[in-house]
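The chain below stands alone and is given in structure tokens; this is the form predicted alone.
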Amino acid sequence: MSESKKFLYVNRKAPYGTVYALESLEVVLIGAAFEQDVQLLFVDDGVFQIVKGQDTKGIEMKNFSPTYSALGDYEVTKMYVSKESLEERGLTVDDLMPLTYEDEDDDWAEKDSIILVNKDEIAALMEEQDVVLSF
């Protein structure tokens, strides 16, 4: 049996105003459903996609942010977030949604899916991927 390819989905855009964030989320869900090794990276304005407390009533768009909380059920357990992008936008990890998964190898312990990374770690992360898709 061949080893599965690693897919990194890079989210660079704000969650609303374009289709990029929603399209990325849909592709991630499809890939995960087909048991791809799926990981996400949030950089630039993409960090706003996982900020907690999103309210879209004023822009008359569906708030799809709760879907990120379901990714752990699809075995999407690695969501990398750029430290620099958070800092540049005045955000901290406490401003992000609590994204977790249950680790079946550790007696179903709940673990954090968010992994803070700096620009050097992002470069290394991208280098080890088989496929990198940017949204």
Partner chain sequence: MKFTIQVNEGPYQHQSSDTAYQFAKAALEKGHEIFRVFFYHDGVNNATRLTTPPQDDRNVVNRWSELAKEHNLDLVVCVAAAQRRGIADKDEAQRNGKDADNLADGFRISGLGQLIEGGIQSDRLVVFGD
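Residue numbers count along the first chain shown, from 1. None of these values were measured; they are calculated from a predicted model.
Not pictured, yet referred to below: the form predicted together with the partner chain.
Residue in contact with the partner chain in the predicted complex (any heavy atom within 4.5 Å), chosen from A109, V93, A70, M61: M61. Though the partner is left out of this view, L22 does reach within 4.5 Å of the partner chain in the predicted complex, counting heavy atoms only. Among residues of the shown chain, M97 is not one whose heavy atoms approach the partner chain to within 4.5 Å in the predicted complex. In the predicted complex, at least one heavy atom of Q36 sits within 4.5 Å of the partner chain. Contact check for E26: a heavy atom falls within 4.5 Å of the partner chain in the predicted complex. Applying a 4.5 Å heavy atom cutoff to the partner chain in the predicted complex picks out V131, V132, L133, S134, F135 from 97-135, in order along the sequence.
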